[in-house]
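Heads up, the chain below is alone and in the form predicted on its own; it's given as structure tokens.
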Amino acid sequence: MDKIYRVNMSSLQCSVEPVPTPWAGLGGRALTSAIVAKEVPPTCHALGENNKLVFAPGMLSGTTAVNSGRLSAGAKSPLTGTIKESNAGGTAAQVLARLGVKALIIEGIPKGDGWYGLHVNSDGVTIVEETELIGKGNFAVIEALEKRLGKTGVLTIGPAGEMKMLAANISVRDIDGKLRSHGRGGLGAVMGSKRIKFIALDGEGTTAVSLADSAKFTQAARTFAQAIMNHPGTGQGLPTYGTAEMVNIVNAAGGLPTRNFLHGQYHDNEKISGETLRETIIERGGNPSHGCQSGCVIKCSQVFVDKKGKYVTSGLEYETIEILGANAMIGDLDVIAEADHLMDDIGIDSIETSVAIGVAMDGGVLPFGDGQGVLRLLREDLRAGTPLGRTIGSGAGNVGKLYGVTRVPVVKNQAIPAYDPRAIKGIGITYATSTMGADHTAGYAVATNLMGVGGGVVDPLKKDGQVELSRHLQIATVMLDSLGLCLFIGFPSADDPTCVPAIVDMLNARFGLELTPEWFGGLGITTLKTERAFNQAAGFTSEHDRLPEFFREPLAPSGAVWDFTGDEIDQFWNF
């Protein structure tokens, strides 16, 4: 990956640039955060001309390494005001990597009211005016572009991105012509502010990226794949039940948010469990184990079909199932799947939007459990951009302010996902200290707190070891995000002594380097400090690394409370 593609939407000009030396050893999140930190003024308006949208494949993307097709997108977030990196599966990372594109940087805002598409190929980027697809949902965009251009990589925004809703996603075409998402933080609104409806990636004629030592890479890649398949989480649990396996696990731990985080257990948990999801999919002829990217061997995704066998959604994740199923008390997988489909098509984050719906229910907008009301809200309000739709689409924090709700589960204005931090304290530290607002993927302490991943025991109900656990996981997650690897590679990385050396060997064989595992830690630390420095320059302080005060209230039925002091939380940054 030896070039930077830069697109200036103010002048409608594109350029191809060499990779600056400081960026040569970076990829994925490490690169997007480095570019945003260098080129974006921290105090700029996130939807203004000074913000930039950056895409970067991981350092192993484009190779034959399994589960290496994650793409990072970065910008200043309009939802949180912090730096933001979001990564997604699909086909885009592999195409960009094989085109030799280290990063695609989009800057400026065009004059006038026109909309555009970007066509990316081996020669560079072409900007084209677009009229036909404006106002269309993401599924229609993918279908139309396939007819227009053939099967190509696609990044697209739906109506939510066009309307610059703060929870808008950027969607990515997957290997089946469906969708994956750059979720959280509102990067779809940033793309909408630049009046780009889609980015088409033409990888025709490209092959896997060149390797400095193909024999060494092949051997390391085999060891890496075997470590994934041998781990009980990535080789058995996730392929069998998907991420929804967490419903019963978290419910048993008393940390399943219910009725807008009022309770920690849901009495109808079996209706939305991974076991029930799998049985339903198999019974209807769907696919219970499906990859979000080519080369995926975990296959924690699935294809959910309705009672007539018609496609509804794929990638129905635990967080969406839990937040709508238990937190909004809907408890119906068919309604949840349809809601997920609608959010995919509209291009709105399913975590932020679902939490916002729970807050709205607490504010009297809808009764808890009103699944049909939620579907109407998505179809009629969010898609059309009514005042209520724009309110929900601006996230849980804004819903709470407008409806006078005090139980608003956000950190830095980003919704807390589907784990109550009172009962799973490690993830609470991650929520508090993440540079991007509440984000379970920033340092997934749930795996250690509840599943014993990593070999140690860190009691989820005690404070001991939680800060250190979250710090270690956040540093390690930067490595995964920067290499283009799936988050769940963290499981075998923690438990199988062959996994991390194999990753190091693959990277060395890819580029002809002599890196050690310690290099990864340095990359993680440097990136986290870069992101934090951006946030501090934007006006954030340690006082923003706090959970909402209602988490001091006892959580039923365990009575657990969030009892970390500010000083204890601030110890996270002692590295």
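Everything numeric in this text was worked out from a predicted model, so none of it was measured. All residue numbers are counted from 1 along the displayed sequence.
The form predicted together with another copy of the chain exists for this protein as well; it is not shown, and the discussion that follows is about that form.
Screening Gly512, Gly48, Gly522, Pro517 for any heavy atom within 4.5 Å of another copy of the chain in the predicted complex leaves a single hit, Gly48.
Exactly one listed residue, out of Lys462, Lys310, Lys401, Arg148, brings a non-hydrogen atom to within 4.5 Å of another copy of the chain in the predicted complex: Lys401. Contact check for Ala538: a heavy atom falls within 4.5 Å of another copy of the chain in the predicted complex. When contacts are judged by a 4.5 Å heavy atom cut-off, Gln372 does not count as touching another copy of the chain in the predicted complex. Taking the partner from elsewhere, Lys164 is found to have a heavy atom lying within 4.5 Å of another copy of the chain in the predicted complex. The shortest heavy atom separation between His544 and another copy of the chain in the predicted complex is within 4.5 Å. With another copy of the chain left out of view, the stretch that reaches within 4.5 Å of it through heavy atoms in the predicted complex is, among 219-227, 99-107, 388-396, 240-248, 388-396. Residues from 357-375 do not approach another copy of the chain in the predicted complex: none has a non-hydrogen atom within 4.5 Å of it.
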